[in-house]
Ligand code: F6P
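Shown here is one chain on its own, the form predicted alone, set out as structure tokens.
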């Protein structure tokens, strides 16, 4: 009697690396449920980013394990900032080989790496040593090159905007300058979007060189025009002394030059925690489902991306080492200027 050979069930892995952000569990769920339900794959989740891949620490993810996590912040499989290709000690030389050996010993047909710029760079290097890799872009900073949007960004903007909304009443009541600092080392997307959504009067981002003189001049002009308070939204990565926060620097500088009370608020990690917004849940789910589809189709060495609201892929080699920054002629910047928003430049 002849028996047909049964095709081996595909087995895939997923990891979340770098800083946490809202939507990671939605992404894990999107990948896992699509892989299991649509394609009949087995799914394992590596613990703590690339660390789990190095030490072969993982959990089997069944469909039931992916229920109830869509709305949950953080990541059920953990994360870390491990960079396996960064050589610090002699022992670090073994990490890429360990990863490759573990990948093959576990019988993986593909690996989804969820993260930001650093994660995508490592994903590309893993692809170069023969692993079947799919990248998925996440970061609240929205600065991953090659995609129009990263999940985590909308949630961060929502949190920052809500904070700005609350500061308006206090600023108005006391006639103060309220300075709110949001995340963004190199990219000012959060400051720009939250500043515009929250009615910021001055928005300072790393991509546009600002003048302290211009900032103070704008505040003075507002008081002269019977506008009793000002809201300043600032990205943490603007040019300022590193001995203090950007918000503190602005607060002290403004009070030295203008006869006004200034108070600062630094949002910090509150922007990265908590439940994702509906938009981030949808985006992470779309990315996750598409990543599983790419694996099923054998479309590796790519990062899933969103272009003009259409899902597509971008070669990983084009992503690493690049940043998607705010252009000074970004349409939202131009609209802000037309409405009287100052970006601190002359």
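Positions refer to the first chain, counted from 1. This structure is a prediction, so every number in the text was calculated from the model and none was measured.
FYI, the form predicted together with this ligand isn't displayed, but the following is about it.
Figure note: of the listed segments 119 to 127, 132 to 140, 207 to 215, 96 to 104, the one touching this ligand in the model of the complex, with heavy atoms no more than 4.5 Å away, is 132 to 140. The three residues 81, 184 and 236 all sit with a heavy atom within 4.5 Å of this ligand in the model of the complex. Interface membership of residue 272, defined by any non-hydrogen atom within 4.5 Å of this ligand in the model of the complex, is confirmed.
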